[in-house]
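Quick heads-up: it's one chain on its own, the form predicted alone, in structure tokens.
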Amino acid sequence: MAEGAGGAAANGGSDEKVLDFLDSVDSYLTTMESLAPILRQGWFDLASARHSMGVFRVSSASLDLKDHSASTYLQMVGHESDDSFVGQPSFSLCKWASADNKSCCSEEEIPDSQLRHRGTSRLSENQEQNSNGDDSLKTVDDLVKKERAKTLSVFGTLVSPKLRTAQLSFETALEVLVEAANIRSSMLSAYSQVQKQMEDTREGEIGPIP
């Protein structure tokens, strides 16, 4: 009975790992599938901007090829050991980093100002927190708009609205790619667990070699 219970528990753990792997594969395929229409819309808006502004204004010749700090960069977090990452790494996108203080102005890091507050005795404190949250939201939003406008300033002072929407589309595509990278990391980790479980089961069935 004990061996049967142990085998059932092992099979249950193996099935759970397989389900995790299949879920991560489905999420990865769904995320990658959602990337195509975003890129298509971005290229369409860019083509519309070139048509309205002129091909000479919206071209690679207008880009500043001098060395400058990146406004958006990718961060990878993992367990580092002997100059290698062990375990499941995770990725995060730091968008619109200010060139002055190197801090991120990503809209995902904005604290939620719409908090649920309980009790009437703390009404003034809650109002102050809401005010601070609104100020923080406005400040970060202004910084993001400033960095976006600064990026498009290489094409002139007045740019087509289609160029701005193309910028947003490609920015969204970057976020989707980072999300896909995290899902792929989870998928590979789940696959490694399933493969290890299969090897352990195979060794248990064969038994020790005399």
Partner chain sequence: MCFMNTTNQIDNFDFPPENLRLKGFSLYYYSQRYLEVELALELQMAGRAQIATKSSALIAMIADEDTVTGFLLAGVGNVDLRRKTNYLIVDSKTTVKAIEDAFKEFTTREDIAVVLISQYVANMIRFLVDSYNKPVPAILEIPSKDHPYDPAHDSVLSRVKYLFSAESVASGRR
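Keep in mind that what you see is a predicted model, and the values were worked out from it rather than measured. Positions refer to the first chain, counted from 1.
Note that the form predicted in complex with the partner chain isn't included here; everything after this is about it.
Among heavy atoms of S27, none comes within 4.5 Å of the partner chain in the predicted complex. Although the partner is absent from this view, L174 contacts the partner chain in the predicted complex, with a non-hydrogen atom inside 4.5 angstroms. The partner chain is not shown here, and in the predicted complex it never comes within 4.5 Å of any heavy atom of T139.
The partner chain in the predicted complex comes within 4.5 Å of no heavy atom belonging to V144. Residues R50, S59, S60, L63, D64, L65, K66, D67 are the ones in 47-67 with at least one heavy atom within 4.5 Å of the partner chain in the predicted complex, listed in sequence order.
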